[in-house]
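The chain below stands alone, shown as structure tokens; this is the form predicted on its own.
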Amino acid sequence: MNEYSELVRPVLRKVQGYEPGEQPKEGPILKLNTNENPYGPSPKVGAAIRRAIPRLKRYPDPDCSRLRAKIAEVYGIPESCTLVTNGSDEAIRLVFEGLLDPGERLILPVPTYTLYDVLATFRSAEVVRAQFGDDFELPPLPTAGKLLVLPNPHVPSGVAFAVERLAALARDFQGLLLLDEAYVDFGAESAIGLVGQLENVAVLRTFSKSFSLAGLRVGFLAGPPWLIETLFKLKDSYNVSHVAQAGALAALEDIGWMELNAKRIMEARDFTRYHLLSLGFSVPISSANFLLAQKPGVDLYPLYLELKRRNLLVRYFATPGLFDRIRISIGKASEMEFFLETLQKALVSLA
């Protein structure tokens, strides 16, 4: 060990960082493992990015003023309740940094997006985990804590929660309820309207999924002014580039393009779920662009490997509560037909 590595905080020397889904470098591989949108962004995005190129010699707008104004218009919230970030992951990090001191309590219904746990470890927070059942209905949750984080639709099941249930949850909770709506455009009801009603609700959104801009890295947080003002102090001065701001603004100005592609994905998702059920998998109803398929009690790692051998990537989670499930991102209809054909061959091969 390098003698200078002792300078690193002890918690960071021990923790393993967040591991994103595999990104193959080359080859004819069908990627159904990272919930990317199979359809491209609006053509207006490319045009807006090209127009932004001459401005690259200057720093971008640190406040993302035009984009925040458009977000406020589209989602019906005050501009003062918005913060644009470098992907929604930056917003999560900022909330954790702004609210959690060492030893303070974070509530996580689990399983969930594993980045939350990693960031909580970085903050040396106390994490209280409430276990979902197989139906992925919300478990009983503590009312005392600094922060409660819940993806809606839920990750990794895709199950959506009613806004009325979320509002009641916020009213009972003493801290901030952070709702991660990365996948809400694929059939769930958004709770973003709660931001203007309750002072302890914040909502995360991303342009990576439904808007097909995963490579651009843009997200935003809608929250009460006290939170937004705090996070503005913490964010990098120029956290979102000219190009990213221009692309996200263009995407919002052509929101019908996103909605059409989301509809196609929802149709392919429901088609895929029907056939997974016929193959003997247990699959919750999903309101996201992915499905969680289960063979109760059967470790699906061999199936994951067999699919990978056949140039098809899905997501396997090597954790006690998820070892008998694989998560399948939804591609185009033709891709999902290929997935189902390949899956059947893999199952026969493993029988």
Ligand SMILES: Cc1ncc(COP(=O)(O)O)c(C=O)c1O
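In case it trips you up, residue 1 is the first one in the sequence shown, and so on. In this text the structure is predicted, and so the values were computed from the model without any measurement.
Although not depicted, the form predicted together with this ligand is the subject of the following passage.
Query raised in the report: Using heavy atoms and a 4.5 Å limit, would one call Gly87 a contact residue for this ligand in the predicted complex?
Result: Judged by the heavy-atom cut-off of 4.5 Å, Gly87 is in contact with this ligand in the predicted complex.
Query raised in the report: With a 4.5 Å heavy atom cut-off, would you call Ser208 a contact of this ligand in the predicted complex?
Result: Yes, Ser208 sits close enough to this ligand in the predicted complex that at least one of its heavy atoms falls within 4.5 Å.
Query raised in the report: Wondering, does Phe122 line up within 4.5 Å of this ligand in the predicted complex on heavy atoms?
Result: No - in the predicted complex, heavy atoms of Phe122 and this ligand never come within 4.5 Å of each other.
Query raised in the report: Going by a heavy atom distance of 4.5 Å, is Phe136 a contact of this ligand in the predicted complex?
Result: Close contact is absent here: in the predicted complex, Phe136 is far from this ligand, nothing within 4.5 Å, heavy atoms only.
Report task. Go through 109-117, 76-84, 195-203, 126-134 and give me the stretch that gets within 4.5 Å of this ligand in the predicted complex, heavy atoms only. Result -> That would be 109-117.
Requested in this report: State the residue from Ala250, Leu177, Ile92, Leu100 whose non-hydrogen atoms include one within 4.5 Å of this ligand in the predicted complex.
Outcome: Filtering the options by heavy-atom distance leaves Ile92.
Requested in this report: Go through Ile71, Ala268, Met258, Val155 and name the one with a heavy atom inside 4.5 Å of this ligand in the predicted complex.
Outcome: Exactly one residue meets the criterion: Val155.
Requested in this report: Just give me the residues of 297-330, first to last, that have a heavy atom within 4.5 Å of this ligand in the predicted complex.
Outcome: Sequence-ordered list is empty.
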